[in-house]
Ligand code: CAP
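A lone chain, given as structure tokens: the form predicted alone.
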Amino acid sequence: MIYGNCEFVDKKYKPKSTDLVVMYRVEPIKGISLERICELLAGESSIGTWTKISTMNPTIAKKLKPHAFYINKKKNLVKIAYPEKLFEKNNMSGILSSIAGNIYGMKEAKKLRLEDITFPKNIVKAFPGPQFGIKGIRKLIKIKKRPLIGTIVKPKVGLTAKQHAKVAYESWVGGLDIVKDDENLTSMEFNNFYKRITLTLKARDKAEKETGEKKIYLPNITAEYEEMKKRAEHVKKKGGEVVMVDILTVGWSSLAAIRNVTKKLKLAIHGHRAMHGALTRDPKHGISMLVLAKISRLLGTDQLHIGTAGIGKMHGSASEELSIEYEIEQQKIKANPKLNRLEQDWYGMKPILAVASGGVSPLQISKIVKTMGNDIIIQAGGGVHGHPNGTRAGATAMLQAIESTMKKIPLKQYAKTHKELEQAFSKWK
């Protein structure tokens, strides 16, 4: 079958180390075969067009045409290998305009999902990756082995800057390592960003002095690029060490640009995945969280929300979210199936620290750690501030749940001698 002047289906083709390999899940409309869909996908995302053209020559086809080399009719999965020369290597927006662009408008595809991408070495090396990575974050917070624990100031919006700082302080002195802004808290009339950062970082300093422990604040700098840059600079000036960015709503280009800013300022990036459900929720259409996670790592996110493997309140099954954590379909990048995908060796690129958040209380801690491992940040919003005795007790209960898990003592047993954890059981059992 031919799309334009080229034939793209070649089941005998073996991907080269210089190929960018994409796995799609595609459901054709009635009467269209998977082979035909592969021709259309490969052509529309690269050098093809809907009809034969006089400007196509054998040299272009030989050097640049992709190959659809894998077709699984039972699972509706197809794999296409694209020569890396098709892409501007350090331009993620440009890459996605090809492999996740016009193809979503093809009438022959009833459903289409971008499931996975394997990037060749030259493209991986063209991106900066995380500045800190897991080791850098652990060094910053001075915790070597256990999961990090944090909270999101609640309510999401409505508190003044002063009230926000007080909630953060109570969380830190209660035992939490991290406090962060919520995804939709930016700079409001009732809570100005610059005032909030100044007051909350003062509260952090006070909590550190009282507890003798390192504490981290993750302020949300999400805005248009120039304002994000200004906010990042303010965070650094006031003694902050990490900034939070809603990576999808600001866009890949803005994330790439702010990574350059944070490099100069020596700030880590905490990536929130707000809006991901618009792309990831339909298991047959859109873009997988795995793909978003891989792109986030390339562009330099140090910490990334990936969900709680079906344990918390947010949509997402364990198999979906752990597909980020375990190797399934990797082609060329060296892979260890026992390692989190975000931790695998991508030619020396630092790994991302995964964040488990959404509907978490102290009662889920041991299950989350058992499922996702120690190299995670566990964040609870309502699970801290909804504690019967308030925020400080809720933070303490979270710490007690971590202690219980690390000591391998059942939660209920540990709760008998730790009143805050016991009270958490009375609320959320």
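One rule holds for the numbers: they count along the sequence shown, beginning at 1. Quantities reported herein were computed from a predicted structural model and do not represent experimental measurements.
What comes next is about the form predicted in complex with the ligand, which does not appear here.
Per the 4.5 Å heavy atom criterion, the ligand in the predicted complex is contacted by stretch 154 to 162, the sole one of 124 to 132, 191 to 199, 71 to 79, 154 to 162. Under a 4.5 angstroms non-hydrogen atom cutoff, the ligand in the predicted complex lacks G94 among its neighbouring residues. Among heavy atoms of R259, none comes within 4.5 Å of the ligand in the predicted complex. By the criterion of a heavy atom within 4.5 Å, K294 is excluded from the residues contacting the ligand in the predicted complex. In the predicted complex, no heavy atom of P283 sits within 4.5 Å of the ligand. The putative spot formed by H305, V360 and G381 is fully lined by the ligand in the predicted complex; each residue has a non-hydrogen atom within 4.5 angstroms of it. Note on the partner interface in the predicted complex: the residue among R273, K350, R204, R113 having a heavy atom within 4.5 angstroms of the ligand is R273. In terms of contact with the ligand in the predicted complex, the residue from E343, E213, E108, D182 that brings a heavy atom within 4.5 Å is D182.
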